[in-house]
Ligand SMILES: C[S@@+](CC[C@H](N)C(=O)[O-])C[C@H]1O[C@@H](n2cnc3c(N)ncnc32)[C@H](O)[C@@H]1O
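Here we start with a single chain on its own, the form predicted on its own, put down as structure tokens.
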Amino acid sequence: MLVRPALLPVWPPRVMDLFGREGPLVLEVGFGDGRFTAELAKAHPEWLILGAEVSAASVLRAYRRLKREGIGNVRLYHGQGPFALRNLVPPGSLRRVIVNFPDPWPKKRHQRKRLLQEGFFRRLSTRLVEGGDLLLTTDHEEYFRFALEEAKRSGLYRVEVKEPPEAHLRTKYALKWKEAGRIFFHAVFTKVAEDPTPWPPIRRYEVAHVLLRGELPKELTLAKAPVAIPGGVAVFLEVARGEEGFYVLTHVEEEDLTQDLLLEVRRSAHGLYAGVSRFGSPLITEGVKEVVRALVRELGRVGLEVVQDHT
């Protein structure tokens, strides 16, 4: 029921491999505690629903709800919706996307973080089937108008403003806002054309480590300064000493993907190992490889020499 992209042999997986059967594929971005997801799955047992949610606590609550209610046509992914769309959904396979009460990022300087922008609508068109659609429900009028304009700017959708379906008003936030007397807005964005630009899955790698020659330093100090990586930024958060070496907690933000992972600097049979720990099954991306290179550069400053580079 939980999707772990690092364990999937290929991206995107076939619908059959992910669900064990074929059927209309639906993506819900931001499923919260899963009450709407569960209701949707029971109302449409023929649908195959992939949910994406950034809150770990919400994923756990939704997982427990689905398991308790015996729902088998839902798969949950802990992470950002655009990542799931790009890497877990085959091109031209998605029947519907549901976005209920997305974060409106109301401050002007934060609007670039909004999900429903022209670029997203263009990329979404490569994953939707012909006539597939996106359903948006929100209580934030300014963001609603913003999304309408962004979709129209793409030229790839027919946009219809409608009354929200009753089921969409039974989410956790809808019930909260209904009590507060807020007004709700709803639109259907139906694909009428497709963006010609390919949107392949993120490239991932098997390994990201370097073997070095020299003595393990007595101390390892890394500045908590941003490290530029392809399409994002990383930060070395904390260094801890262990029996065999050092562990470096590292925060990595790339396009549509955020990871906290462990890097290791430790003794091995072939020299000093500097690279990614397997703890937590991190995704090895170009950004992660660049973080390892940054760590190795710091180790070079204390006299260690590269013997084998697997980045």
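Residues carry their position along the shown sequence, with the first being 1. Note that the structure is predicted; figures quoted are calculated from it, not measured.
Just so it is clear, the following notes concern the form predicted together with the ligand, a form of the same protein that is not shown.
Asker: Using the pose of the ligand in the predicted bound form, placed onto this unliganded form by C-alpha superposition round the site, state open if no ligand atom is within 2.4 Å of a backbone or C-beta atom and blocked if 3 or more are.
Answerer: This form leaves the site open.
Asker: Pick from Tyr157, Phe236, Phe144, Phe101: which residue has any heavy atom within 4.5 angstroms of the ligand in the predicted bound form?
Answerer: Exactly one listed residue reaches within 4.5 Å, namely Phe101.
Asker: The ligand isn't shown here, but in the predicted bound form which of Leu48, Leu66, Val29, Val276 has a heavy atom within 4.5 Å of it?
Answerer: Contact residue from the list: Val29.
Asker: Would the ligand be touched by all three of Ser55, Pro82 and Thr171 in the predicted bound form, meaning a heavy atom each within 4.5 Å?
Answerer: Judged in the predicted bound form, Ser55, Pro82 and Thr171 all sit within 4.5 Å of the ligand.
Asker: Spot the stretch among 66 to 74, 239 to 247, 257 to 265, 31 to 39 with residues whose non-hydrogen atoms come within 4.5 Å of the ligand in the predicted bound form.
Answerer: Residues of 31 to 39 come within 4.5 Å of the partner.
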